[in-house]
Ligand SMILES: Nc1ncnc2c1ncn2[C@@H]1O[C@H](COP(=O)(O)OP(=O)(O)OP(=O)(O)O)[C@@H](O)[C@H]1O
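Here you get one chain, nothing else, as structure tokens; it is the form predicted on its own.
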Amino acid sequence: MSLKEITNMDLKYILVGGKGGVGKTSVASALGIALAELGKRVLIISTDPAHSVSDSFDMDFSSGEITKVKGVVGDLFALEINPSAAGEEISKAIGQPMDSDQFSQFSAIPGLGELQKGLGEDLKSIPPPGMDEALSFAKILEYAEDEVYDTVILDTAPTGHTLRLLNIPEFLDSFLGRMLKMKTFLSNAMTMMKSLFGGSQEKDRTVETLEAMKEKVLVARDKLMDEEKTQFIKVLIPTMMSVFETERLAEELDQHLISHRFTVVNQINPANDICSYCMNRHKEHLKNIEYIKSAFPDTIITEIEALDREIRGLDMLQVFKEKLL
């Protein structure tokens, strides 16, 4: 069995992740080409600030807009999301934080002090730490939910970022819940003040925006846990540092109930009898692959020998695709 099995599955979401430099983007790009050639309409989304999808295809997808990949048979599209730019959207949706002086205007309203204390640091920093990545996730959902695409492939940033990405649904749910509570409270307070002292107030759409975002996050969390719709492909190289990092990633995936039935072991040194360095590396890689098989016994493992050229551009991606499948 090989990774080719994934092309026969009716998946909506395919996430590809692992340690930096192991070939995640090559796997995501080649798989996108394969699915497009099978007649599926595919969107590759990258959250890696390094613009690795652009480098992989040797094309420019850094505009922040969905772009059709030229030269591929079928419908393949790519999008690179800038986490910093995405983070600005939450500031606009939530508005500026309210300081203590502004809160003092409503000091007589029962329950306000408790609410202010409960929100804590959220009032001091909007967006809070980690919100850039959280908004990238929300932006991903916006495109992923588009029924125009049969499959959405998410090329994640290196493992540390991926682990934070996995925790974002809970983070957003908690944060947006607290912000909703604050906005609703203050909106009601303002309405009461206006009714007491006269005057009109424009309707604040912020609460509606936050509620819609929170609902979207909860729906996405359920879909990510549906193994019939979502699979995570672990990509690693046959070195123990990469293996250990992948084991931590697998544990995190298990905790979030995200299915990861596929593992790609990339950049395996081929045998070479006339090069002692090459043979030593080859033997070491074979030994490490045995450990990988014991570490991930319930996954389909695809082994790929290192190529003699950089995987860049459509021609090399086609070569890599044949090895991958």
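None of the values given here were measured: they were computed from a predicted structure. Position 1 is the first residue in the sequence shown; the rest follow in order.
Missing here is the form predicted in complex with the ligand; even so, the following discussion is about that form.
Of the candidate stretches 294-302, 65-73, 263-271, 276-284, only 263-271 has residues with heavy atoms within 4.5 Å of the ligand in the predicted complex. Contact check for Val22: a non-hydrogen atom falls within 4.5 Å of the ligand in the predicted complex. Within this chain, Met9 is remote from the site of the ligand in the predicted complex, having no heavy atom within 4.5 Å. With a 4.5 Å cutoff on heavy atoms, Glu310 counts as touching the ligand in the predicted complex.
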